[in-house]
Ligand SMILES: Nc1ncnc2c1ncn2[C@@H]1O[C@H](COP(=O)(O)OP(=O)(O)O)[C@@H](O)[C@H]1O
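What follows is one chain in structure tokens, specifically the form predicted alone.
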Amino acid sequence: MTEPIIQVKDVTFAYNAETPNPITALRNVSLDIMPGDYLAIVGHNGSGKSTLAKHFNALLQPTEGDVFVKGLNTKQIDNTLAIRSTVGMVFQNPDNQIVATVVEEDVAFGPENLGVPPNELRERVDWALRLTSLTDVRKRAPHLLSGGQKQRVAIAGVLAMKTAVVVFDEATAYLDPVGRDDVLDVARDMNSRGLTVITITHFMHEVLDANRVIVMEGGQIVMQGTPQEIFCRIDELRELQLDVPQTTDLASRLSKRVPGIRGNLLTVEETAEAILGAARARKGAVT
């Protein structure tokens, strides 16, 4: 049986835990993430999703409970390098992650600091630039790139580390729709190549490619399932200050009026096909 690549066991986390006024951000969270998963974690601001994400590569350690990455406990300092070589993070603002004045040098920064030999380093950088469609700008200064391109530079730097897991922590928050699509395309491609992808977001349409969705509220997991299972619970999501994709909202409304249309459709294509199918059925019934 395949073992989880990340295990979260009964984790509670409080900021300022040793002070008289601790702020509890996670409460008894348990979660298994399997190799090759595309996991989306959603919730409104303050729900605990980004705090949970920072536990995946030991940026934070639990106040109570444990997190294991490939069996390594994140609380043990000696495990930190191995854990961060397994789980890479891409954050909201790419400008905070870019450290070099040339794109290819920035992508090489992480693995070079790990002592990767020069020949392998070159291969890793070339591979990461190809995967993120940045080869043509490898000699450019990052500050001259668009927001979406900068975020892809940050992603390429994580890929060059050869991590098995990539966590996108609100990585599209500062991007325009084109930049968001760029990042999502890379995430899909990475997952199709076997990497485990975890995306933290409050943009509900960004989770449609996930095989599993976790919904957080008040530092706890309150829903989990496939996108279809989650998005059919429209009223509950709205009570949690979350929205649903426009296509799902449309399908839900139509399902109450038109026989044969399911209320948990996710994409434009399947919604259009369902509408056409209902129209054909109605025309056949009339004739």
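Counting begins at 1, following the sequence as shown. As the structure is a computational prediction, the values presented were derived from the model and not from experiment.
The following text describes the form predicted in complex with the named molecule, which does not appear among the structures shown.
Gly65, heavy atom within 4.5 angstroms of the named molecule in the model of the complex: Taking the distances in the model of the complex, the answer for Gly65 is no, it never comes within 4.5 Å of the named molecule.
Determine whether any heavy atom of Asn28 comes within 4.5 Å of a heavy atom of the named molecule in the model of the complex, and answer yes or no. Contact with the named molecule, no.
Taking heavy atoms only, is Gly36 within 4.5 angstroms of the named molecule in the model of the complex? Residue-level check for Gly36: no, no contact with the named molecule.
4.5 angstroms heavy atom contact with the named molecule in the model of the complex for Gln246: It does not: once the named molecule is placed as it appears in the model of the complex, Gln246 has no heavy atom within 4.5 Å of it.
Okay, which stretch from 40-48, 65-73, 233-241, 247-255 lines the named molecule in the model of the complex, with non-hydrogen atoms inside 4.5 Å? Selected range: 40-48.
Contact set, 174-188 vs the named molecule in the model of the complex - heavy atom within 4.5 angstroms: None of them.
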